[in-house]
Each structure stands twice: as structure tokens, then as C-alpha cells.
Ligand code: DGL
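Heads up, the chain below is alone and in the form predicted on its own; it's given as C-alpha cells.
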Amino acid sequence: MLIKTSKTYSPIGVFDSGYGGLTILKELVNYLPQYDYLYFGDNARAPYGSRSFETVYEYTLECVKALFNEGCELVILACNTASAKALRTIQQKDLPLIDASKRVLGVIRPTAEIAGNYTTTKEVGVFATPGTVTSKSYIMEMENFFPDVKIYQEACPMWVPLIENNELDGVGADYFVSKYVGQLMAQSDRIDTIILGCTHYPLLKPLIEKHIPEKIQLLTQGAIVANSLKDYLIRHPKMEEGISKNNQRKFITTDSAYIFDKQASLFFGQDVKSTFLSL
């Protein structure tokens, strides 16, 4: 079932394969509360992290088109895997054919634009899904902005399942956080900044901080993306003027709305009421 939209309803679309993007939406609402937001979680096909480039691109494009149909002129891919595997193709190949006035933005580039400012040793670590690590998107983007900074990556395939099964305080979470932190730090003991390159990972931040040396800074993406969006809208006043400003948040999911609503509060920090959308 599609959400009925009016001519004046043009929210900022926020897409994720599941729940993680809600940590981005939470900060967007905190920093830019005046805008309408429409969150779309493709929970029925999550997780994206271990899927092929072709599959992630296909799924992401389908969801972006759905958000366009709901009235969104601007869509944020609040998913590192989708940003890594689908964003560039959608921007370069699909948008000119769909509607050249619409925009799709990601979360990796805004993070890469500032991450190098935090390191003094010029060595930065990245925790991410296997798909994001394989894409080498952080390495390529950081090279554009901070060519003198060396990037070390660590894939963390167990973190998303642990988070989504609400095992944050369990023995398993402590074990796998310790394991992946150890594997990343074994690559270099000069790492002084770590990017949490998956929007689920902020929920593990206290546990990660328990296992990393005190000197290391952890960068989460919510505030970074919110500040980047604020700057983008200042630089694109026509886009900003077209976004509806009723302080509304709506949520759609490709899976059970009941299950989504029950889980979403863990990531968003407040209760939500979603609508099911069949693709």
C-alpha cells in the first residue's frame, strides 16, 4: 500500500536496507527538524552487506524509485553498502533517465570529507560490512580528500545480526567486538581514528570504546551526514525550497510493519508507526 501524498508533500527520503539508517534519520531530525522525512527500510531483503554489487544496485534503485513515487525529490542512501555499491551508478546512469532534477546522496563521501581532519598519525581504521570493505569505497574517497592518510579496513559480518537480535549486552557481542577490534589494531598500532562505517554500529559504540585504546577517536556518521545535508541545502536553494516543511516523519517497510515498529525504537530513540509497502 502506498502512502497517499499531496502536491505539497515532498519529504526528504531516507533509505536503508533495514533499521540502521534510523540512526542517520535521528540526527537529521535533531539538526534539521523543520523538514518532512520519509524513511524506507527494505527489511524484507535485508541485510545487503553480503550481497553482490548487482543485487544491491537493483534493490537500491527499486527503493529509490519508490521514494520518488512518494513525492521525494531528494533521497539519502543512509546505508554504507548501498552508498558503496549503488550510488554512483544511480547518479550517473539512472537519474538522467528518471528525472535530472532529482538527487540521490550517500553517507560515505560526507564521512570521507572530514575524517582526515581527526587523525594526527595519518592512519585511519574503518569498521564496515563485508560489502563496503570489498568495494574499497572508503579508501577511494579518502584518497580524494586526504591522499596522505592510510586506511585500514576490517569487515564485521557478525555485528549487524547481533544488533538486530538485540544482543548488545550479551557475551557474543563482547566476543565479536573484541575480535574485530583486535584484527583491525593488528594491522597497525598507529591508528588513532576509526570510522564506524555502518549505520548500525553506533549502537555498539560503548562496547567498542571498551576494547579500543583510549587515544582512538570513534567517528559515527549521523551528525556528519546531518551537517553535510545542511550545507548541501544551503548550496542548492531551489532543492531546499521544494522540500515540504511540516515537521513530519513517516516510515515505510517492505516487511511486517508490526515487527518494524517494535525494533525501530532501538535505533531511532522513540516509537514509530510504519506502513507496509510491497515492491
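Quick caveat, the model's predicted, so the values are computed rather than measured. In case it trips you up, residue 1 is the first one in the sequence shown, and so on.
Omitted here: the form predicted in complex with D-glutamic acid (DGL). The next part is about that form.
Novice: Looking at 210-218, 47-55, 249-257, 234-242, which one sits within 4.5 Å of D-glutamic acid (DGL) in the model of the complex if you count heavy atoms only?
Specialist: Heavy atoms within 4.5 Å of D-glutamic acid (DGL) in the model of the complex occur in 47-55.
Novice: Taking any heavy atom pair closer than or equal to 4.5 Å as contact, tell me whether Cys198 reaches D-glutamic acid (DGL) in the model of the complex.
Specialist: Cys198 belongs to the contact set for D-glutamic acid (DGL).
Novice: With the cut-off set at 4.5 Å between non-hydrogen atoms, does Val177 touch D-glutamic acid (DGL) in the model of the complex?
Specialist: Val177: no contact with D-glutamic acid (DGL) in the model of the complex.
Novice: Report whether the minimum heavy atom distance between Thr111 and D-glutamic acid (DGL) in the model of the complex is within 4.5 Å.
Specialist: No.
Novice: Is there a non-hydrogen atom of Thr129 within 4.5 angstroms of a non-hydrogen atom of D-glutamic acid (DGL) in the model of the complex?
Specialist: Within the cut-off, so yes.
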